[in-house]
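Just the one chain here, laid out as structure tokens, in the form predicted on its own.
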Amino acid sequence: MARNGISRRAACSLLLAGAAGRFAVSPARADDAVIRIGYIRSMARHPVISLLDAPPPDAGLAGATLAMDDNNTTGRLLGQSFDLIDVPVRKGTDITAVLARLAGEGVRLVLTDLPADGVLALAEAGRAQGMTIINLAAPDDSLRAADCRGNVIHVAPSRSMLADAVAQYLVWKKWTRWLLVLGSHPEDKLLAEAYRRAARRFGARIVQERVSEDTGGSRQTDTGLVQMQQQMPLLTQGAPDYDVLVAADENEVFAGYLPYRTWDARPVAGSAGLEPVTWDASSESWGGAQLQSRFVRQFHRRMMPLDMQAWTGARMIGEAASRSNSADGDKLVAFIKGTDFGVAAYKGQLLTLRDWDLQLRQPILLADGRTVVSISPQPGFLHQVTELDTLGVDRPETKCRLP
């Protein structure tokens, strides 16, 4: 396994499940071209409503580790070897020093699940080192707009992509009257703005907005089930007639309490109920069941969205290395940004990069916690290039100016 801050080779013998059975993989050769990938992981955790939603300590890292095994399986046939350097960071960590240390170990490609300010700090510090940052978690549209950087690639979908994915399905269902309930944190307000944009874009109408103030305590043991049973109906009482409640609660403070507790009998979407995600443990199409089985065998838990985003980010590097037959960081980045690049991620089609903001195009799963209800883009939402560009900011709308 990857050790904190120390480079490691992936396991010398790998077992990959698939239609062809199991494959034994030979050890890395001494003359293999080594591609070192850093992973700067945030150790910050916020309280969650349900114990089932508490992230495991290896969230993200497990997905990246699985992808490194996949990279090495192919890479060893081409004389390539992949190392993962895991660097967990906490609040107050000197990001510049962390990046300098990785650069000293020959790292030019860095995965990170830091929030937006951390991604920007890495981008600025990494520019002089010739390093490219792969954003796995920050959904901020600003990172794809005024704050976009030429050395930051976004695997995480933006808030606008997630909101558009929900909006398309609700409009397809003809649930076009929304009650928007947002939290009081800055991230919640940004997510609410993404839903307002999506409503305007696809022809829905927000009949009213309400704010749920965070007064502290977000666990059932803090608030009490009886208290929530009383408060949630009051929060939604007396609203104009609406088809669906759309929740914008990125900090997981109140949205999980909404289903079955609203004043009117209405479905909930957004941050609870029907949620837009990059991955769900119930996904089994396009080989997803095999991926899930491999993941569970190795890590003894289910794959989470951050795991899939980390897997995808690491696999993008592996795909570029095998397709370009190169271990040079600059050449790998150039290939990823090029027109010939595409990565398969168990979603039915190749994922490619938008050249105007370096955002990875991808379908968004709409899940209810038990099953995948649907996948956006929805039927009927057309685009002159690819339907995937109906999710998020399209080329004519972009405010990103890459160097």
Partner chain sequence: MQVAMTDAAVRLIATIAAAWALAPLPALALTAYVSNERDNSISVVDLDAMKTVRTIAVGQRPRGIMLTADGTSLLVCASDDDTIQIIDTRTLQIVGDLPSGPDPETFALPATGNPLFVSNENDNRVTVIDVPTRKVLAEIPTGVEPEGMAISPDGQTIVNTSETTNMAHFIDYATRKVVANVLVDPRPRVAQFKHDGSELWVSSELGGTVSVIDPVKHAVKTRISFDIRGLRAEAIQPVGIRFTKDDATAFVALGPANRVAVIDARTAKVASYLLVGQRVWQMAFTPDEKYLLTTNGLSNDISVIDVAALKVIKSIQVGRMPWGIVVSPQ
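If you're wondering where the values come from, they're calculated on a predicted model, not measured in any experiment. Numbering follows the first chain given and starts at 1.
Unshown form predicted in complex with its partner chain; subsequent notes refer to it.
Visitor: Identify, from the list 184, 230, 293, 208, the residue with a heavy atom within 4.5 Å of its partner chain in the predicted bound form.
Guide: Going through each option in turn, the one that passes is 293.
Visitor: So its partner chain isn't shown here. In the predicted bound form, which residue out of 106, 88, 130, 287 has a non-hydrogen atom within 4.5 Å of it?
Guide: Here the answer is residue option 287.
Visitor: Choose from 367-375, 349-357, 35-43, 55-63 the stretch whose residues reach within 4.5 Å of its partner chain in the predicted bound form, heavy atoms counted.
Guide: One stretch meets the cut-off, namely 349-357.
Visitor: Is it true that 297, 315 and 344, all three, sit within 4.5 Å of its partner chain in the predicted bound form, judged by heavy atoms?
Guide: Each of the three qualifies.
Visitor: Can any non-hydrogen atom of residue 78 be found within 4.5 angstroms of its partner chain in the predicted bound form?
Guide: So residue 78 counts as contacting its partner chain.
Visitor: Can you work out whether residue 322 and its partner chain are in contact in the predicted bound form, taking contact to mean some heavy atom pair no more than 4.5 Å apart?
Guide: Judged by the heavy-atom cut-off of 4.5 Å, residue 322 is in contact with its partner chain in the predicted bound form.
Visitor: Can you tell me if residue 74 lies within 4.5 angstroms of its partner chain in the predicted bound form, counting non-hydrogen atoms only?
Guide: Yes, contact at 4.5 Å.
Visitor: Of 234-261, which residues get within 4.5 Å of its partner chain in the predicted bound form if you count heavy atoms?
Guide: Stretch hits: zero.
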